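Shown next as C-alpha cells: one chain only, the form predicted alone.
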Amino acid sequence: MTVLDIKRITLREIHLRLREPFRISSGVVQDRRIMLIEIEEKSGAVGWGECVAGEFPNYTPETIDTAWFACTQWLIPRLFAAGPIQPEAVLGLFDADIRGHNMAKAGLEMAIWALAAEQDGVALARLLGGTRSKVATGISIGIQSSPQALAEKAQQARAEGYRKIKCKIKPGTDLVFLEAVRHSAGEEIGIMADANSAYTLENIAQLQALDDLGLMMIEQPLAWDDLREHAELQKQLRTPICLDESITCPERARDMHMMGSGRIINIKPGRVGGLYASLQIHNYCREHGLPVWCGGMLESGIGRAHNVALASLPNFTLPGDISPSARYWAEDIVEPEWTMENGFVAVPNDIPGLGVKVRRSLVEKLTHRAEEFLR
C-alpha cells in the first residue's frame, strides 16, 4: 500500500439538523455537531474522515470537544512527527502511550484510509478487501411516545424496503412496544431491540419476556463497559445478545467470544479506533463464526461512505444501520447523496476514494469553527 506523506490537516465543526429528534434511553439529539477531518497529501490527493463523537458523553466518555482537543494537542503533532506513514500503522502510532480517545483517533485514521484509496486510484471498499456490490440496510427507530407510534414507524420502514428494523428500548417502553412492532411489521422482517445499557441483571425477567418475540438480537442491554454480566445474562436468554459499546478494540471482541458475553458484534469503526481495528475484529469474528454488522452514529455522508465500504466485507452478514441520506438530513454534504433501492445501498466499487464527492461549498457554509495544521 502507498506510503503517505501528509502535508495538511484541517479540522472543521459543522452543524446539521436532523429531520426529526432521535431519542435513545440516555438522551435525545436534534442538532448534530459533526467534526470533519480533511487530510491532504504532498501529491495534492485529499482524504476525508468524520469523528462520530457526540456533544454529550452519554454514549462514550468522548465528545466532539474532547476529540477536538485530543486531535490538536496530541494526535496531529504525533502524526506529523512520524513522517510518511501507511494507514495500517496509524492506530498503533496513536495507541503507543495515548489511552482511549478512540473516536478522535478513528476520525484521523479513517481520513488517512480514504486518502490512501484516493492516492492509489481505487475504491475504499476495494482497498479494505470488500467483496459486495451492495449492502443490506436496516433502520434505527428512536424511542417513541406510544406502541402505536412505534408500530406506525416500523410499518412505514417495511414499506420503504428496509431489511431490518431496530427499535430503541428502555424499561417501560419495551415488551408492549415491540409486540406492537411485531404485529404491525409481520414475521418475515427481522426486528431487534437496542437498549443502550438501560437495564441491569435485576431486569432479567423483563428481558426474558422478549424471547418469545423472535428478535434477531438484543443490543447492549447492560452496562456500557461490561462483559461479565452480559455473559451471565446470555446464559438465561434464547435471544442472541449483540454488544456495541462494550467492544472498543479487537481484544474486547476476543474476550466477549471467550466469555460468552454475546453472539453478535456491532462494529462501529469510530468506536473501535478506526478501520484497521474494524478489520481485525471482522477477521476474528469470521474465523470464529460470529456474525457482525455495521452500526451508525448519525453520520453525515462522509461517515456513511466509510461505513458502506466497511460493510462490503464478507462477514457483515446482517443488515447495518446504513440508511440513505434522506432518512436523517434534508440536505447531505456529499454528492450523489446515499440512496437505497429494495433495501440495499450500492457500494461505489469503481470510484476511487470514498465513492462520493464532498460538497465543499456547503461544508464551508455549515462550518462553525475550523483549524488548519501544516507539516
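For clarity, every value in this text was computed on a predicted model and none was experimentally measured. Heads up: residue numbers just count along the shown sequence, starting at 1.
The form predicted together with 2-succinylbenzoate (OSB) is left out here; the points below concern that form.
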ask   = Any chance W338 has a heavy atom within 4.5 Å of 2-succinylbenzoate (OSB) in the predicted bound form?
value = no
Contact flag, D321 vs 2-succinylbenzoate (OSB) in the predicted bound form, heavy atom cut 4.5 Å = yes
query = Just to confirm, G296 within 4.5 Å of 2-succinylbenzoate (OSB) in the predicted bound form by heavy atoms?
reply = yes
Proximity of D226 to 2-succinylbenzoate (OSB) in the predicted bound form, heavy atoms at 4.5 Å = no
Contact at K166, D194 and D244 by 2-succinylbenzoate (OSB) in the predicted bound form, all three, heavy atom at most 4.5 Å = yes
request  = Only one of N266, S278, S261, T137 comes within 4.5 Å of 2-succinylbenzoate (OSB) in the predicted bound form by heavy atoms, so just point that one out.
outcome  = N266
note = Exactly one listed stretch (346-354, 65-73, 40-48, 321-329) reaches within 4.5 angstroms of 2-succinylbenzoate (OSB) in the predicted bound form by non-hydrogen atoms, and it is 321-329
key: Stretch 210-240: residues contacting 2-succinylbenzoate (OSB) in the predicted bound form, 4.5 Å heavy atom cut-off   = E219
